[in-house]
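In the block that follows, a single chain appears as structure tokens, in the form predicted on its own.
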Amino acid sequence: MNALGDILPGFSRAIVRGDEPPGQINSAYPKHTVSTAIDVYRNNYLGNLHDALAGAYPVVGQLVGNDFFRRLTRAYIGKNPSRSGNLHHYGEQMAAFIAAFLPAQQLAYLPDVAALEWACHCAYFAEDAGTLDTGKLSRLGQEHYPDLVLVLHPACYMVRSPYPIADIWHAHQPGAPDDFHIDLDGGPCNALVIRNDDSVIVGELDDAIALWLSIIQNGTTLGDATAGTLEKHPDFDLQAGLSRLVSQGVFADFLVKGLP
């Protein structure tokens, strides 16, 4: 291993964990000590991670305020160092972290809002893909419909919560009215996240179509997913639900089980 390779792991630990800097670092600079230089790097490291979290979780930041959010991000960063060179990947564990973060326990809905924001973040940065070719689908014989396997678009996510997280999210978007009222006891929410061009859209699904889509998401065939949904929701309207999801660009493609 070369000299730089020998120094970098220790240098990283000094920045991230506060370990003693490696002895190979040149300390012959007249203006700054090694500890001062390490502090500068550490502040930049913490600042960059905070900014990444602020970009991924703007609604959480609005809900708790700047001071609390900075306290939250510092605690998160301390437990979850960055493990990727791409800061867009940083922050995935925030919902679980908030759920265990004692100062946030009074905001029971906050972890689910964070989960929705991470879904929005992932949808925005998801790879590009086409949407379902309905013409190709219409040319498929109806005898194959039960064996259809629908492929979700990579920018499509669902987040279920006992709280109205979609309403909370919408109320904290730019241009939203200031006089909103949200009933936290208003019932569960099945939030649907999809990217349309460069915009992330958050909508809601009723329980039946949400259940059906969650089964489809696991690679289950159309016939089996529909049968499983009808067992719990006898009034489930497949045609209406499928038409809505296709129009929203939820699906990228399809295949037929058993066919090449």
Partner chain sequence: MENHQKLLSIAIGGLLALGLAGNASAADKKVEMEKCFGVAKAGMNDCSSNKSAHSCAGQATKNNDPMDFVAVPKGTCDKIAGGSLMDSGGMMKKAM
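Everything quoted here is computed from the prediction, not taken from an experiment. Residue numbers count along the first chain shown, from 1.
Just so you know, the form predicted together with the partner chain exists too; it's not on screen, but the next bit is about it.
Novice: Considering only heavy atoms, tell me if L148 and the partner chain come within 4.5 Å of each other in the predicted complex.
Specialist: Residue-level check for L148: yes, a contact with the partner chain.
Novice: Taking the partner chain as it sits in the predicted complex, is S199 near enough to touch it, meaning that at least one heavy atom pair lies within 4.5 angstroms?
Specialist: Output for S199 is yes: heavy atoms within 4.5 Å of the partner chain.
Novice: Please check if G203 has a heavy atom lying within 4.5 Å of any heavy atom of the partner chain in the predicted complex.
Specialist: Close contact exists here: in the predicted complex, G203 approaches the partner chain to within 4.5 Å, heavy atoms only.
Novice: Should D51 be classed as touching the partner chain in the predicted complex when contacts are defined as heavy atoms within 4.5 Å?
Specialist: Close contact exists here: in the predicted complex, D51 approaches the partner chain to within 4.5 Å, heavy atoms only.
Novice: Note that the partner chain is not shown here; using its position in the predicted complex, name the residues of 136-151 with a heavy atom within 4.5 Å of it, in sequence order.
Specialist: L137, S138, Q142, E143, Y145, P146, L148, in sequence order.
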